[in-house]
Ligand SMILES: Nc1nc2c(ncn2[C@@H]2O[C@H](COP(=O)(O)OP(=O)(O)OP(=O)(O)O)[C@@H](O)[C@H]2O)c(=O)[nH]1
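We begin with a single chain expressed as structure tokens, specifically the form predicted alone.
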């Protein structure tokens, strides 16, 4: 056990010094207000001394962040297709659900709550020896510092998850006016949690809403996993949901791309159509109108190449708007600066929903939140491995919010 004392001009400053040296797992065991003596007390403000302790006992073996991200889908409902309008929850139910979700956050957020509550409890004992006026001033400052300290630790957690600082500032700016002076840590956490869930919004996946076939386009950069994602979805739709599925590819640029999808088509015993232009796609549309869903693979194109983007737009417009769905497939491991340019380029083509791949190759989920707020596009699926038909699931806003705040399922 390491026990050390730290001094600062404010309680928060002393806490941050302790955190910097001992780490976030340190626990504050005592807070002492040191008042200047003699005439100095008329000109100088009191300083704060905290005693912090750190247990050096090796922690129990836990899942790595990357493993926990993959494991969080284990109990996620395997809903690949919307079969009709969902019953909308009332605002009251949503609020209750959000608060319950916040209270279920795991070890890292619990540590924040424990640390801050111990600070406040110790400060109250120290303040009991002061005069009434001094006690009131200290209490007011202490409550404000507690809120700020909690928000600062939440900010650091979101930054560690690579959430863009602009969106973190938005969250804090929106939540601060709602906080009371005596807000509990749980209330602050649930407020941030609820804001994240609301901003992520409702997930939108594929749906069969009429007797007409749905033509589903998968667009995105090269190497993000479009073909494998199509294979996973086709397997779920064909084997689990017994739908009449067909595959189509316009990816005739990449070596072995057609062969890859052909292999999946043979395994699933579904037809595969290869098209080389929007004109051929119009002809294929007439042939495949009898299917429930047709999944269309497209070539990975550079978002910088205007001509290539126009080619994709022509392919999409070959299908009537009321019968098509478009999914932009992105790798979560792509740098956010590049994701900004990619999403802006594809936004010029058509409205899309978002699929994130390669969640098993990262420790952070911040890009999901960043891209959602950047584009306003609905979230849909996530993939987290190469296994077909497994390793794909519908994204869930509450699940993402827990991960962003440091929790795990």
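Positions refer to the first chain, counted from 1. No experiment lies behind these values; they were computed from the predicted model shown.
FYI, the form predicted together with the ligand isn't displayed, but the following is about it.
Comparing 266-274, 320-328, 215-223, 161-169 against the ligand in the predicted complex, the single stretch with non-hydrogen atoms within 4.5 angstroms of it is 215-223. Among 334, 260, 152, 244, the residue placing a heavy atom within 4.5 Å of the ligand in the predicted complex is 260. The contact residue chosen from 157, 194, 227, 147 relative to the ligand in the predicted complex is 227, the criterion being a non-hydrogen atom within 4.5 angstroms. Taking non-hydrogen atoms only, residue 232 approaches the ligand to within 4.5 angstroms in the predicted complex. Although the partner is absent here, residue 49 lies well away from the ligand in the predicted complex, with no heavy atom inside 4.5 Å. In the predicted complex, at least one heavy atom of residue 386 sits within 4.5 Å of the ligand. Under a 4.5 angstroms non-hydrogen atom cutoff, the ligand in the predicted complex lacks residue 353 among its neighbouring residues. Of the residues in 351-377, those that come within 4.5 Å of the ligand in the predicted complex through at least one heavy atom are, in sequence order, 357, 358, 360, 361.
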